[in-house]
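Here's a solo chain for you in structure tokens, the form predicted on its own.
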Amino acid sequence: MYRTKPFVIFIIGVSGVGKSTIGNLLSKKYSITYFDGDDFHSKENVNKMSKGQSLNDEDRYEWLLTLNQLAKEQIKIQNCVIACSALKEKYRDLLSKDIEINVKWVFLEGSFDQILNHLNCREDHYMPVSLLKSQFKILENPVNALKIDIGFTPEEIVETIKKEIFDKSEFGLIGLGVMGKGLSRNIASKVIALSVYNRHVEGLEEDVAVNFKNEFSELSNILPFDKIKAFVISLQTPRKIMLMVNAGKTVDAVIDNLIPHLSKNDTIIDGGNSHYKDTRRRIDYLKNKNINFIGAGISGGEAGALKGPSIMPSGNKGAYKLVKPFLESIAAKDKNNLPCCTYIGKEGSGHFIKMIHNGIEYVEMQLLAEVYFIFKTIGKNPDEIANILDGWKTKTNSYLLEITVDILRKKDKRGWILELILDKAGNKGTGNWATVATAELGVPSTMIASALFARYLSSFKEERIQLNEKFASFKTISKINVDNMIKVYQLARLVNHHQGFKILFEASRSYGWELNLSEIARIWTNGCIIRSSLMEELVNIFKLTDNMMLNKNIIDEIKELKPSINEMVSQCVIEEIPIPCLSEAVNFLNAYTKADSSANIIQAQRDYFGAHTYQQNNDPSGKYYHTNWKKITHD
């Protein structure tokens, strides 16, 4: 057998399909313990069925829980097979509760006449034939099952089960870049039977999958491929295939290569940084081909992929249910040991929140960069800055703060590595997408835009050198209050997180996604790049409000911190220290917390040159007015 993880096979179907026969044959041929689910019915259930009465859901409930507990106990010892009708999806949910990753379903199906003939040939069975019609009536065809026609002989059915379950992988992954390799090792470490595929490019990418398998001990049982058809054939049906390839045309190309080899109810999971609109388009495209598509944002970088990332899947909820056990098993765990993976919502909402996650990440990185630059400008070396930031961890810790301290302290024989790095920041486009998305929604996520443009500005290194020579100013002794820097940083982070979650709220409302902000914050408490102590606080805050700025504790904190950032931003402007995100935090907060703004004159200007009209603040009806601004009137 290829499969090594403990498993339970539920042989399901209406009475008379031969569940017991197949279960016994499997047990004898492969030394797997067999249980007949009927043996675990209560006396009351047996008596009821003997009288020709159908069991209702209440009758079945304790019976299904008993079989679920039996399965849980057995997989701790050895593999097992359980025969059980399990005609409804909710029955199967109970049978597999808490052990979904260990369960395989085999559905024996046939026509009414076939099965009636089977029943008529049986002896000493307490269930009368008259109940067969009622079973067919309540039968809900299982999606996540190996379906076998009872027209085959029992021996042929058992051989099919061996070939399709024992000898095939449970999960497939395409693309063995950094993230793909990390996730593959993560999946394999959970003893999930895995097939991996990487393209073959002569002289460039040759035997990538095979060489990868041989590189790590935990991959000894994976199946490596560089031929797409063989890769697909190696997977159990319905298939679950994750794509870890570059966003854009590459994803579409891989999907087109897969389609000829896929079957109804197979699921493709895009784990890359795809644009949410592309994900929505792909969901619709594949739906017409009866293939599921899940857009799953994944955050955590190389280490997260290997040890447990934060995963943000979206698409059809039924399709997510098929892949949920696998995604949750490889995800990071929160402080309550729950997976940092949850169903996000419809369409491309998973990739949308990953995009906004990256926007928040852009700002968090820029804020630390600005803090560093302020300290550097006033004469502190990297070790001194690292010591200061290290002391902040007790009040405002985060993954990015931790790695920044490590970066500041890293040296080689030449000195601090940081001081050798050219000050040009790259980007892969998600910050740009986030900025465009927030503009399309009309949400003022000004800090994401500022962080993005700060990266763009950094790329103009040569011009900055030239202009520095032209505009260099006389330096004076700095008056920046170093002790207040932590307060400045804390306030800016509050504004950043408010803006990020505000985008999610408005997107959810505009697109009908029904996003759960608290649950999103929860899956961002571990595994992802923006995990932090603040994020943990937001889990509970968003259970009570959709706007964190209305939370009393946040309001009190902002009031306490605001004077420090006012003073620091003012002083940085005087001393010509560029702080685009820190200053934008103040500008946004000043505008967001004022009842009145200057927008009335803008609306008047629009009405003047374009007759765009305006509303009046003393008219609650919302009526629109237009003024002929060139005409002079007198009292």
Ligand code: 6PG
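All residue numbers refer to positions in the sequence shown, first residue = 1. Owing to the predicted nature of the structure, the values given are computational and were not obtained by experimental measurement.
Omitted here: the form predicted together with ligand 6PG. The next part is about that form.
In the predicted bound form, no heavy atom of G345 sits within 4.5 Å of ligand 6PG. Ligand 6PG in the predicted bound form comes within 4.5 Å of no heavy atom belonging to G151.
Using a 4.5 angstroms threshold between heavy atoms, H357 counts as touching ligand 6PG in the predicted bound form.
Using a 4.5 angstroms limit between non-hydrogen atoms, Y362 touches ligand 6PG in the predicted bound form. Contact with ligand 6PG in the predicted bound form, defined as a heavy atom within 4.5 Å, holds for exactly one of P444, G429, G391, G318, namely G429. Only one of P142, P382, P224, G301 comes within 4.5 Å of ligand 6PG in the predicted bound form through a heavy atom, and that residue is G301. Picking from 132-140, 293-301, 86-94, 233-241 the stretch near ligand 6PG in the predicted bound form, with a 4.5 Å limit on heavy atoms, gives 293-301. Of the residues in 245-279, only N273 comes within 4.5 Å of ligand 6PG in the predicted bound form through at least one heavy atom.
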